[in-house]
Each structure stands twice: as C-alpha cells, then as structure tokens.
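Coming up are structure 1 and structure 2: the same protein chain in two forms, each one given alone as structure tokens.
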Structure 1
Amino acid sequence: MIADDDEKWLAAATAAVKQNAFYMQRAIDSNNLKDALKFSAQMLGELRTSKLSPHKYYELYIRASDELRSLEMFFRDETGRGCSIAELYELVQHAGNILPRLYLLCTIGSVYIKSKDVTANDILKDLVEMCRAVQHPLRGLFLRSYLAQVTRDKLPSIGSEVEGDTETHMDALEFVLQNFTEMNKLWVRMQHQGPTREKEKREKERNELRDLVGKNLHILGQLEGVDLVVYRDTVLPRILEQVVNCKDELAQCYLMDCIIQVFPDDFHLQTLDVLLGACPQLQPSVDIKTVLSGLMERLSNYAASSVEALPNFLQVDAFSKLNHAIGKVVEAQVDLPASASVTLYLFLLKFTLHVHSDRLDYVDQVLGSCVSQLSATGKLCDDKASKQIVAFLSAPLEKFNDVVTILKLTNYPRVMEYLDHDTNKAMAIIIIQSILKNDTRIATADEVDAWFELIKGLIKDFDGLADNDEIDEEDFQEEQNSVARLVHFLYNDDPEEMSKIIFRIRKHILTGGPKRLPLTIPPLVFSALKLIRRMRGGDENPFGDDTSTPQKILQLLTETVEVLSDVSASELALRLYLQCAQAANDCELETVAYEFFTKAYLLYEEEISDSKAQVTALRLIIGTLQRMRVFNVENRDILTHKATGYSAKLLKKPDQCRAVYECAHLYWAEEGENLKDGERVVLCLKRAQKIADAVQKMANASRGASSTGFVSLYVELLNKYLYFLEKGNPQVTGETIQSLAEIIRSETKKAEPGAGTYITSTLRYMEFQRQQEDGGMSEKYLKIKMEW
C-alpha cells in the first residue's frame, strides 16, 4: 500500500519534472531567460516533496539534476550574450521557494567559478553558507550532494583550471570540510524524523544514503594539495571532530571506515596516533572492531605491497601504537564481547605478521595482550569468540609454516587454555595438520614438551569433562589418528636425542587414559623400534649414557605395552609384544626377546578368549616365532612347543587344522640351517591331516546340514606338502602327496562349491612344475605319481 503510493507519487513528480523540463528546454532554445528560470524553478519545485522514500527521492533527484545540466550550459552561453553572470547570480535568487532557489544558485555558482570573474572562494563560501537554509535532512543531503557534484571539478587547487595559491586551496578544503560537516549533521538527524516505531526502517533507509556523505571524503582524498601536512593538521582533525561529536553509531562506523579506505596508506601510518586516539571516543555501540580491523588490514596490505614502506612502519612504531590503541578500546568498551576483542587481536596479529615477520617478540606480545584480555573473561563459551581464537591462533601457523617457531611463543599455549574443550581440540588438530602439511620435524625433547602442551586437548581428558559421552566415536578416532601420525614427526637423527624424545612422548601419551592409549601407543612403539634398529645399525653403544641403549628402550616399551593390557587392549598389546620381540631379535637380545614372547603367551592364555581372536593371535605368534633367530634350541623348543600346543587346543576343528599345519613352519626356518627338522614338519602336517579327517567325518555324519569345507582343508594341506617338497624336505614323499590327492579327488566328485578353483589351480601348478624341462623342481614333482 505504502509502496504503491510511493510509486504513484514518484510517477506524478517525474511527469511534472519532465513537463517543466520540456518547457525549460523550449525557453532555452528560444533564449528566453525569464521563462527558462521560471520553468526550471517549477521543475525543481518537485524536489520539495516529502512524500517519497529516500530511494524514490534519489530517482527524482537524478532526473532533475540531469535536466539542470542543460540549464548550466545555457547560463554559460547567456553570460556571453550580455547578461552578466553577476546579474544572473542575483536573478536566480529571486525564486520564492528555497529549494529551487538553491539548486539554481549552485548551478549558476559553478558557472560563475568557471568564468573566473570572481574568486572561486567567495562563491564557494557563499554557496555552502546559503545551503544551510535547507534543514530538511533528505532534501538537504541531496542539495548539498548536488553542490558537491557541480563544484567538484572546479575546486581551486594547484594545477587545476582555477588558479589558486596556498590560501585559496585551503579554502577549497574548508569548503569541502564544511559541506561534509553539514551533510553529516543532516544525515545523523534523519534518524529522529518521524515516528519511533519506524526507526528500524528509517535506519535502513539512512544507511542507503551514506555514500552521499562519504562522497565528500572521496573528494577530499582526491583534492590536490592535500598532502600529509595538510591532512594531519587540518583534514583529519576536522573530520574526526565531526565523527566523534555526531555521537551516532551508524555514521561513526561508516565514516571511520571511509576515512580508512579513502586516504592513502602512508597518511594513515603517519597519523596513527590521531586516528587511533579517536577510537575510544566513539559510541560504545560502534562496531569498533570492524573499523580497526579495516585499518590494520589496510596497513598490512600496504606493508605487503611495498617494501619501501616498511622502514616507515618502524619509524612510527605502528605496532605498539596499534597494540596500545586496542588495549584502550577494550578497556573503554566494557561490554565489548570477547569475540570482538579477539578479532581485534587477530587483525593486529595479522598486521604484525605482515609487517614485522621477523619480530617474534611482537607476535608473542600480541598473544600476551590477548591472554590478559581473556583472563578477565574466563573460559570462552561463545562460539563466535572461539572461532575467532582459532583463526587468531592459526594465523602464525599459516605465516611461519613452521610449528617450531610457534613453540617459541610462550603465550601461545596460554591462549589455548581459554578455549573450551572442543575448540581446543579443533585447534590442536589444526596445529597437527600444519605439521603434517609442512613436514615439520620437531627435533628436540624440549620442543616435544612444548608441543604436547599445545595439543594436550587431544592427549588427555580435561578435568571435569572426563565422561563426555557426546564425543562422536568417529571423530575421536580421527583425532587420535592425527596424534598418532604426528608421533612420527617427532624425530631426530641423533639417537641420543631421539631416545630422549621417546621418553618424553611416552610420558605425555601415558596420560591419555584408556580410550586413547590403544591408538597412541602403537606409533610410539614403532617409533621406538625404528630407533632401536637404527642403533643396531650404528656402533654398539656409541655413548656411555645408559638411558639410550636398546635394552633400556625395550625395557621402557615393555612397561608401556603392559599399560595396554591393563586397559583391555590385549590383542593390540600382543601384537606390540611380538613386534618388540622381533626388534629384540634384530638386536640379538635373546633374553629380552624371550621375555616379550613370554608376555605375549601369557596374554594369549589369560586375556584372549574369543576364538576368532585366538586364531589371529596364534597366527601372529607363529609367524613371528618362525622368524626369531636369537633363541637357543632350548628356548626355541619351549616356545615352539607351546605354540603347537595352543594350536591343537583351538575350538573349531578347521582352525585347529590350519594352526597345526602353520606350526610346521616353526620347524623349518628359511635361513638357519640348524633349524630344519623335516621329520617334525611332516609330523605336524600329519596331525593336521588327521584333524582334517575328523572334520571330514563330522561332515559326512551331518551331510547336507552343513558343509564345513574340509575339502579346502585338504587342498591347503596339499599345498603345504608341495611347499615343503619344493623346499627340499626329505621327509615329504610322493606317496603322502598322492594319497592326499586321492582323497581330494574322491571328495571333489561330491562337488563342494568354492573349493573347485583352488583344486584346479593347484593341480595345474603341479602339472606345470612336472613339465618344466630345466628347472630343479620337475625332478621332485616327478616323484608324485598321479593318475587323474
């Protein structure tokens, strides 16, 4: 409804403008000054309306001011035709209504200045003074905007068309400043016009008009002769005076930003004191952080874009001024939300990183200021603030791409302390990702400490938050994976330092609690094992220090892995024991290796009860044991015997069968010549076959009900025989294989699905080996008499 009316009024006013413009043009064409003035005044009279919204009024204004251009030309021509410009200047002031009168006055005024009949300043002064007569905010704003527009290219300044000495362009400056001041007053006043309930709408409309005011600052920015001295002594103080005194949030916010954007960087740099000094004087509701952020961002870009400017930054001590100013602002604005103050520090930090990338102390200082600010507010619970802190803390990471540098910033972890749990973790992950991305090595034990301090959010539970069931399992895994990956980045080529590092890591990781340990201990163990292997490669004990011998480290690992079995991660512990045993094996430490095996066996016996887990564990044990070289016969026998024993005690027959035939390998070591006991190999295989027979019987007994796949057991066994046959076990005879093959053949007739291909490829392989001409295998295979 209101919008419709708005349209209607605009249409009516536009039509009237058009009509009068037409008559005005006709009068101009026939050189009728009187009519031209009459109709132009009538046309401008349409601008007296109060009915239009700012938006529509703007449209109308544009139309009318367009038409005024031909009038301006006419005035210029008219002065050549005998009517003096001074007379015209008087004549237009006969108009009875103020608004048309002043539009006409501005128009003729601009011609007057151009004619140089009179000093530009007199006219400018007169115009800007006369325009006071329009106190209606909207109409006044547009009138003054018109004034600014028509005089813009005529302002006297050095080198421009209109000559001027220093004094006169001071006056041009004065003119623009005054026009700016008045416009701002009108603009600010707009909010008080009309009913309170429409205030919000009005503020929105007012915001749309802000560029009219801002344009003056643009003009100032482009005004010739505004050098640093003028800017510092006149322009800036005057603008700021107006900005501060208007006590209006919208205006202050916009104008501060305008100042920052319009004037050159080095002006800002040289007048930082003044500009920053104004900040605490602004209204408390002003979004000061946006303002200061804009400034710092601008200065940062300036520093980034021009290297020559850097000394200036140092000269004016921009950093401490900014730091100080932010402190002041934070102090002055009690209600400033934490997020805002953090944002301020964030931009200061960015600025510092850009400008003083070599000054870590500055960076640390910013962090320190932030800490002292945060200490007042306590832990952050507000999302926005947390986000800002994350950005804040990420900035140095991005800049330096090097966590080691960050570790030097003592205040960095202190800032992190103010994050809530989740954010803290998120931040820790960001840090870790930075390491992973940049391949940073953390190479000393002290750094490791500092480092774990940083990411402690991930390493251990926070007090009071220990039982947080809301943690998403997947996320948790993800986090801990990052930590695990990280452990590998804590590395030093020097074994002594490295072992120190490992001790430290262990210390930190062990604080992690049952949920984390299974995820974090493995990387530690592997990292340590890597070290051990390296030590073995070098001199036996190159340093007298007894903390860093392989034994010591392995001892440490024993204790570490033990922790795992305490937190019911026995399978993992078992695997790790086996890994350690292997390492001990590589280091020729028989007793240690034996110790590890013992522990692994104990775990197997006591902790692992699930049959599937047992199968897996047993395989690992067998596989590992098979490769152990350090054991003497006695020890080895004990361990092998135990393993075989476990195998036979597995729950399911097929599992038994498989475990037993795997045990055969324990008697047949690849390298060690003394460890090839063909008889016992065959004994194992035979036992396995017996179990397979039992499976077959059971299967036959319950034929049809369930097929337990004993055929594949036979095929697997056949393959084991073939393996040992190839390895040259004398106890493996052709007959044994033949009889096995026989059974398989008879069983395959009953066609067991799935086993078929395995059999076929096994047989094809045998056939192939038999037909090999020159290979050593054909001979062995020829022993097998096959009748298929």
Structure 2
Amino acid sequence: MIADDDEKWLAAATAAVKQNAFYMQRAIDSNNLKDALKFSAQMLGELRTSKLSPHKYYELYIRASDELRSLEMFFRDETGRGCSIAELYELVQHAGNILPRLYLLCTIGSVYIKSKDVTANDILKDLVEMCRAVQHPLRGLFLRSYLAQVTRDKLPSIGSEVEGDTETHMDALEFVLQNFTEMNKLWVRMQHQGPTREKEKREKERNELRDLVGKNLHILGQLEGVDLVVYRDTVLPRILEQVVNCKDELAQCYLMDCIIQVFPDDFHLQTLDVLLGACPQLQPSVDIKTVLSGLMERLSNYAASSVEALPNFLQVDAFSKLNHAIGKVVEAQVDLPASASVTLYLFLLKFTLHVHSDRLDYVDQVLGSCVSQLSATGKLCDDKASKQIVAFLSAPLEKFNDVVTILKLTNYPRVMEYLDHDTNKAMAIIIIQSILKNDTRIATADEVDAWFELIKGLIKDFDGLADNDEIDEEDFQEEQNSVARLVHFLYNDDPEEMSKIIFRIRKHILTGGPKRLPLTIPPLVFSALKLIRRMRGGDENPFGDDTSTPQKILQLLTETVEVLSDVSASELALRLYLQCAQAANDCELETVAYEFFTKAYLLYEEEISDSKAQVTALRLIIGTLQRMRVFNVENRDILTHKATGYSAKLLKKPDQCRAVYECAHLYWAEEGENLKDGERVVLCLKRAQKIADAVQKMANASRGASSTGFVSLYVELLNKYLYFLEKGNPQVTGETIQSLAEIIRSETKKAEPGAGTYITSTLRYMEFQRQQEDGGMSEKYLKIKMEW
C-alpha cells in the first residue's frame, strides 16, 4: 500500500517538474530571466516534499537536477550578454522558499566562481554556510550533494580552471571537509527519524544513500593540493574525528572503507598509526574485520605491485602496527565471533606473506596470535570459522609450496588443534596434496615427526571417536591411500638417517587402529625393503651400532607385519612376509628368511580358510620359494615338502592339480646344479596327471560322455612337460610326453571351443619347434609323435 502511494506521489511530483521545466525552458528560449527563475523555483519546490521514500526522492532529484543544467547554461549566457553575475547572485535569493532558493543559489554560484569576478573561497564559504538553513535530513543531504556536484570542477587546485595559491587550495579543502561533515550529520540523523519498529527499513534506505556522503571523500582524493603532509595533518584527522564522533555503525563502517579505497596506498602506509588508532574507538557492532581486511589487502597488493615500496613497509614497521591493532580490536570487542577474528588474522597473514615472505618469525607470530585468540573458544564448532581456519592454514602452503618450510612454524600444528575432526582431516589432505603437487621430500626423522603431527587427523582417531563410527568407506580409502603415497616421499639418501625415518614412521602408523593399518603398513614395509636392498653388500654394521643393520630392520618388519595378523588382515600379512623373505634372501640371511616363511606357513594353516584365498596364497608361496637361493638343502626340502603337501590338500581337485604341477618348479632352478632334481619334477607332474585323471573320471561319471570341462588340465600339463623338456630335464622324454598326448588326442573331439583353441595353439608351437634347424631343440620335439 505504501509502495503504491509512493508511486502516485512520485508521478504527481514528476508531472509538476516536467510542466514547470517546460515553461522554464520556454522562458530561457525567449531570454525571459524573470519567468525562467519563477518556473525553476516552482519546479524545485517539488523537492520540498516529505512524502517520498529516499529511493523515490532520488529519482525526483535526478530529474530536477538534470533540468538545472540548462538553467546554468542560461545564466552563463546572460553574463556573456552583459548581465551582472553579482546581480544574478542576489536576484535568485528572492525566491520564496528556502530549498528552491538554495538550489538556485548553488547553480548561479558555480557560474559566479567560473567567472572569476570574485574569489572562489568567498562563494564556497557563502554556499556551504547558507546550506545549513535546510536541516531536514533527506532534503538537506540531496541539497549538499548538488552543491558538491556543481562545484566539483570549480574548486581551486593545481591544473583546474580556477587555479590558485596554496592558501586557496586549503580553502577548497576546508569547503569539501565542511560539506562532508554536514552531510554525514544529516545522513546519521536519518536513522533517528521515525518509530523504532521501522529501524531496519531506515537502515536499508540510508545504505542506498551512502554514496552521496562518500562523494566528498572521492573529491578530496582527487584534489591536486592534497599531498602526504596535508593528508596526515589535516584531512585524515578531520575525517576520523567525524567518523568516531558520529557513533553510527553504518556510517563508521562505510566511511572507514571509503578512506581506505579513496586515498593512495603510500598515504595509508605513512599514516598507519593514526588510521589504526581509530579502529578500537569504533562502535562494537561495526564489522571491523571488513575494514581492517580491506586495508591489509590493499597494502598487500601495493607491496606486490611495487618492489620499491618494500623498504617503506620496513621503515614504518607496518607488520607490528597491524598485529598490535588487531590485538587491540579483538580485546576491545569481546563479542567478536571467532570467524571474524580468524578473518582478521588471515588477512594479516596474507599481508605478511606478501611483504615479509622471508620472515618466518613474522608468519609464526601471526599463527601464535591466532592461537591465543582461539584458546578462549576451544575447538571450533562454527563451520564459517572452520573454513576460515582452513584458508588461514592454506595461505603459507600456497605461498611457499614447501611443506618443509611449514614444519619450521611451531604454531602451525597448534592452530590445527582447534579444528573439529572432519575439518582437521580436510586440512591434512590439503597438506598432502601440496607435497604431491610440489614433489616435496621430507628427509629427516625430526621432520617426519612434525609432518605426522600435522596429519594426525588421518593417522588416528581423535578423542571420543572410534573406528566403528559411521564413515564413508570410499572417502576413508582415499584418505589412507593418500597417506600411503606420502610414505614414499619420506626419503633420505643416507642409509643411517633413512633407517631412523623408518622407525619414526612405524611409531606413528601403528597408532592408526585396525581399519587403517592394512592400508598404511604396506608402504612402510616396502620403503624399509628398499632401504635394505640399498644396504645390501655393505659391512654388516656400517654405522657402528646395532639398530640400522638389514637384520635389525627385518626384525622390525617381523614385529610390524605381525600386527596385521591381529587385525584380521592375514592374507596381506602373508604377502608381506613373503616380500620380506625375498629381501632376506637378497641379503643372504638364511635364518631370517626361514623365519619369514615359517610365519607365512602358520598364517596359511591357521588363518586362511577360504578356498580361493588358499589357492592365491599357495601360488604366492610357491612362486616366492622358487626364487629363494639362500636356503641350504635341508631347509629348502622342508619348505618345499610343506608347499607340496598344501597343494594336495586344496578343496577342489583342479586347484590341487594346478598347485602340484606348479610345485615342480621348486625342484628345478636355473641357477646352480644343486637345485635341479629331474626325478622330483617328473614325480610332481605325474602326481598332477593322476589328479587330472581323477577329475576327468568324476566329470564323465556325473555328466556323461560329453563332459569336456577339464580337458584343459591335460593341456596345461602338456605345456609343463614341454617347458621342462626345453630346460633340459633329462627325465622328461618324448615317450613321457607321448602318453599324455594320447590322452589329449582321445579327448580332442569332445573338447569345448575354448579348450580346442588352447590345444591348437600348443600343437602349432610344437610343430614350430620341430621345424627349427638349430639341431638340439628340434631333435627333442621330433621324438614326440604328432598324429592328430
């Protein structure tokens, strides 16, 4: 309803302005001064209304002020035709109402100044004083805005049309400051006009009008006569006096921001004490973080864009002043939210990183100040504050691109302690991503400790949280995989220091709990194995102690992998035991290698019960044992016999068959004649063939003569025979293979397409070898009759 009334009143006032403007223009065209003044006064009389809202009043003001431009040109033309400008200045003062009179006075006053018939200072003083007659906040504000607008290009300053001496420049400065002061008072007074229930509405309306007041500061910033001395001694104190004394939240916040944005950066730098001294005097409800962050951001950009300015920052000790000011503000505003205080320190940190990037002590000091502030709040529950802390901690990472540098900041992990569990993990991921992106190497044991302190949110649970709490499994896997990747970035070329790093990593990783250990122990083990192989071939104890030998590290790995057995990760533990056994083999540590195999066998017997898992584990055991060269005959026979026994006990016959013929490789190694036992190879293959016969008989009995699903077992066996034939096993002869070939031939007609392809490929290979002309190999294959 009120909005409709506003539109009606605005429409009526606009129509009256248009009508009077039309008659005014007609009088101007006929050079009728009297009628031009009459109709212009009537037009301006519409601005006396109190019915319009500030927004609608602004529309009316714009229309009326646009019409006054033609009147200003008319006054200028009249003076050119011999009319006295002084008489015109007196004549307009006979208007009946004060508001139209002052608008006309400002219009003719601008022409009067430009004519230079009188000093600009006299006219400016007269105008700014007479405008005091209008004390209605809205009407007075727009009147003074018009005064600033028409005199803006006529102020005495260097390079302007009305250039004067230094004293004249100060008069122009005084005029703008006085107009600003009066406008600010009117603007603030608007807040107290009307009932309390409409307070928010008035604040919104005032916010829409703030640029009218700020226009004066823009004019000040563009005056040529305002140098650093004038700004420091006159302009800034006068403005700050008005800002502090008005005690209005909206005005203080806006005007402080205007000061920062309008005046040059070097002015701010040289008057930092004065500007910062006003901040604690502002109203507690003022958004001080916006003010100070704007100042620090501008100074940071100034430092980044001008290398020559950096010495000035050091000269005025800008960092200490800003740090002290923020502390005072935080202390004065006890109700300041945690997010606001963190934002202040964030911008101070960015300022420090831009200006004093070589001063880690400054960076650490800012972190420490933030810790002191957060100590009163405890862990942050506010999402906004947590996000600000993440941005706060990310700033040094983005600047230095080196986590090793971050590790030198003692207060960095202290800030992270105030993050909740989820945000702490997110920050740890950011740190890890920085290491991966920049390929950062962490090369000492102390740095490893410091690094794990930073990412402890990923390594272990916080107090009050358990591993069985609801978590997203995919996210959890990704987090732990990130930690696993980072283990490989903890590296030192010195074996002694690397050994210390391994021990430190283990200390931290073992605190992770049953869900994390299967993901984080493997990279530790492989990192240690890499170190062991680097140490291979050196002295038994190159460091003069017993903590860094390959044997000692392998002992450490024994204890580490055992932990996986306790957290239901037996299959993984078995794989790692076998990896460790290979490392012990490379170091020629027979006893240690035998111990690892013993532990792997125990896990296979006691913990692995799933048939598929048993098949996989047994293949790994056989493959690893086949590569071992460190064992004496007795130990090798024991381990081989065990593996063969496991093969015969698998649940499914086809798996038994394949495992048994794989065991044949345990009796035939390429290196060393003492590791070749042709008879046992053939024994394994014949045993596997018997199992295959049993499989085929059971299949035929249960499914009929068309069952061919296990023919491939015979083909696999044939390939094994051919392998050992080529390797020179004297016990594998053409006659031995021929009997197996007969069985395969009898089953070929019933073979499935897949099996038939396998058979065809094998036969093609055999034929290829028969046709070779190298002599030795072809003779072996010629003994096998191929009547297929």
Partner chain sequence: MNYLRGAFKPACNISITFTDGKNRKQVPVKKDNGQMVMNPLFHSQETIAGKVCIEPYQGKKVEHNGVKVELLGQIEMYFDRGNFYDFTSLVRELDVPGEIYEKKAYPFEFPTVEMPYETYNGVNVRLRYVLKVTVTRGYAGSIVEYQDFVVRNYSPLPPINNSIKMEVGIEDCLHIEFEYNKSKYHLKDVILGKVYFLLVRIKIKNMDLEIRRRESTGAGANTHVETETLAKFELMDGAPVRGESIPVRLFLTPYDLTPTHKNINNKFSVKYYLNLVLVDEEDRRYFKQQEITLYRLKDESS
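Everything numeric here is computed off the predicted structure, so don't read it as measured data. By rigid core we mean the largest C-alpha set that fits within 1.5 Å across both forms. FYI, numbering is relative to structure 1, first residue = 1.
Undergrad: Report the structure number, 1 or 2, for the form predicted alone.
TA: The form predicted alone is shown as structure 2.
Undergrad: Does Lys690 count as moved between the two structures, where moved means a C-alpha shift of 2 angstroms or more after fitting the rigid core?
TA: Yes, shifts by 2 Å or more.
Undergrad: If you line up the core, does Pro195 shift 2 angstroms or more at its C-alpha between the two structures?
TA: True for Pro195: a C-alpha shift of 2 Å or more.
Undergrad: Cys83: after superposing the rigid core, is there a C-alpha shift of 2 Å or more between the two structures?
TA: After core superposition, the displacement of the Cys83 C-alpha between the two structures reaches the 2 Å mark, so yes.
Undergrad: Core-aligned, what's the Cα displacement of Lys727 between the two structures in Å?
TA: Its alpha carbon moves by 3.2 Å.
Undergrad: Following alignment on the rigid core, what Cα displacement (Å) is computed for Ala741 between the two structures?
TA: Spelling it out: core superposed, C-alpha of Ala741 shifted, distance 4.6 Å.
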